[in-house]
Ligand code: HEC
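Quick heads-up: it's one chain on its own, the form predicted alone, in structure tokens.
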């Protein structure tokens, strides 16, 4: 009985260590911006990802991108490329890298880095005219990134 309890405790402890999200500063990008390793132990949820994608208070992706498969999402943008079918021509690794920090794939993009906390030059310290002195929180959590990737992978042509 004691051995079973000890084994269970060790398994839970090991699981807690494994379940740790990848911190924004620890994300590993390939030469072309892909992120091979998921940012969380929990798989992305496409339904939650659609909410992050479409809601103005979260990712607000629709402010710049149009998705023809969802015409009921109001006020879709045209600044970024259309994402209809993106799940058919981009891999999860590519999408994860683009959503986390698109500048790693497209250096001249105006798309914000949704999972970055350092190295900003524009966000300032209130209205002082100086750069922020501390790291900024990421726009989206690691789980939200994985959820958006899961949603984008569902967008297939057809």
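Just so you know, these numbers come straight off a predicted model, no measurement behind them. Positions refer to the first chain, counted from 1.
Same protein, other form: the form predicted together with this ligand, not shown, and the subject of what follows.
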*Taking the pose of this ligand in the predicted bound form and superimposing the surrounding C-alphas onto this chain, would you call the site open or blocked (blocked if 3 or more ligand atoms come within 2.4 Å of backbone or C-beta atoms)?*
open
_Every residue of 24, 92 and 115 near this ligand in the predicted bound form, heavy atom within 4.5 Å_ = no
*Only one of 66 to 74, 103 to 111, 27 to 35, 40 to 48 gets a heavy atom within 4.5 Å of this ligand in the predicted bound form; which is it?*
103 to 111
*Can you check whether residue 88 is within 4.5 Å of this ligand in the predicted bound form, heavy atom basis?*
no
*residue 140, heavy atom within 4.5 angstroms of this ligand in the predicted bound form*: yes
*At a 4.5 angstroms cut-off on non-hydrogen atoms, which residues of 52 to 91 are near this ligand in the predicted bound form? List them in order.*
53, 59, 60, 61, 64, 65, 79, 80, 81, 83, 86, 89, 90
